[in-house]
Ligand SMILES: C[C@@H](N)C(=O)N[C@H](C)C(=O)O
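As structure tokens, one chain now follows by itself in the form predicted alone.
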């Protein structure tokens, strides 16, 4: 169990709405769908209604200082089946990077690699008291695009399972390019946090509003949040 999963959930029943591509930049085709993730008829480009409202506020703040820039959505809603698929995919990729296969891993190797996976991926739990953040419709992975439509370089790709993904990895670097990476990460965090989001401690790209992780991080910063607003989406709608 991760610390944030102890936060109680008081589901508010708020609906999911589409992330409109004319308002935000989106990665298309969706990277997990390309891999074969089992979304079925569900779309990854959905979030809870209040989360989309907060996201618009973040983009407006960004454009005040950087006209023409936009938030680019990499991933948002993620059914638990997709979470399981991506955890398995990431484990296989890590094993392959070491010249191994999942089937041939020793118990110690399996444990080591799974610990690495779960540093960046939430467990694909079906327990209603500890849903994966993305399965609530409250969490999203995103980056920035500039006024020309080019993706802003953050120094590491989304979903990289390495310390380079930690938000402050480049903070103490004296290399100008790496200092720029840190500046871009801080810019993303500044506009998102100003809009009420919280950032994942190990992922520069992951932000949420209203889920257990958001509530727990809010508590750590001294904000009197007692519960999460959103639980697992499928439980409400039977999807």
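Residue numbers count along the first chain shown, from 1. The structure displayed is predicted, hence computed values, not measured ones.
Although not depicted, the form predicted in complex with the ligand is the subject of the following passage.
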Partner contact for residue 143 in the predicted complex: the ligand, 4.5 angstroms, heavy atom: no
Proximity of residue 82 to the ligand in the predicted complex, heavy atoms at 4.5 Å: no
In the predicted complex, residue 46 touching the ligand (heavy atom, 4.5 Å): no
Any non-hydrogen atom of residue 69 within 4.5 angstroms of the ligand in the predicted complex: no
Partner-proximal stretch of 104 to 112, 144 to 152, 91 to 99, 118 to 126 relative to the ligand in the predicted complex, 4.5 angstroms, heavy atom: 118 to 126
Residues in 198 to 229 with any heavy atom within 4.5 Å of the ligand in the predicted complex: 200, 203, 205, 206
